[in-house]
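A lone chain, given as structure tokens: the form predicted on its own.
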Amino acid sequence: MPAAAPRSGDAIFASVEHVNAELFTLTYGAIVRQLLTDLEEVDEVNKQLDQMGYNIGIRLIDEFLAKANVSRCVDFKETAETIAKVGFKMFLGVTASVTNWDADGTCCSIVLEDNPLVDFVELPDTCQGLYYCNVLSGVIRGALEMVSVHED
């Protein structure tokens, strides 16, 4: 039997159960607000968001590999493109682009065209330095670590 073709992020997103976007956004905002209240230091909140994302990422990669039917990526550029085009579409329903590659092809930026986590968000001046969406960095870090891609 021939191998199944890789599924696009759109096809996977359409086939999974969804959570109301506003509920998701407001719940995430409440979590960030509670962390700010509990931890008081923005740097500590940034670390906690990253750790939360990491913990999500090490579990999310299993679902991604099971549902996305993607083959092993040959290099970091293909890995980044897969995360941007399939992963973000599959789990958040948004498209991302990969930009700002360094000369070695080992460092890049993944830019979300429409970030659902920032809807309804207004940060006060006391939150200078807060990486509000740091959970996403942690998710990527955790997922990559589970497939033996080490990052900084």
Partner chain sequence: MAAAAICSLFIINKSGGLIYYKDYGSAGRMDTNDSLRVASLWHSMHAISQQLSPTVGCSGIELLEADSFDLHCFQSLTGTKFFVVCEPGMPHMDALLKVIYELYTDYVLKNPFYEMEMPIRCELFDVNLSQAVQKDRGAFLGR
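Only a predicted model underlies this, so the values are computations on that prediction, with no experimental measurement involved. Numbering follows the first chain given and starts at 1.
Below, we refer to the form predicted in complex with the partner chain, which is not included among the displayed structures.
K.L.:
Please pick, from Thr95, Thr106, Gln51, Asn69, the one residue with any non-hydrogen atom lying within 4.5 angstroms of the partner chain in the predicted complex.
P.N.:
Only one listed residue qualifies here, and that residue is Asn69.
K.L.:
Sort through Ile110, Leu35, Ile61, Val42 and report the residue having a heavy atom within 4.5 Å of the partner chain in the predicted complex.
P.N.:
The option sitting close enough to the partner is Ile61.
K.L.:
Given that the partner is absent here, does Val149 sit within 4.5 Å of the partner chain in the predicted complex, heavy atoms only?
P.N.:
Answer no; every heavy atom of Val149 is more than 4.5 Å from the partner chain in the predicted complex.
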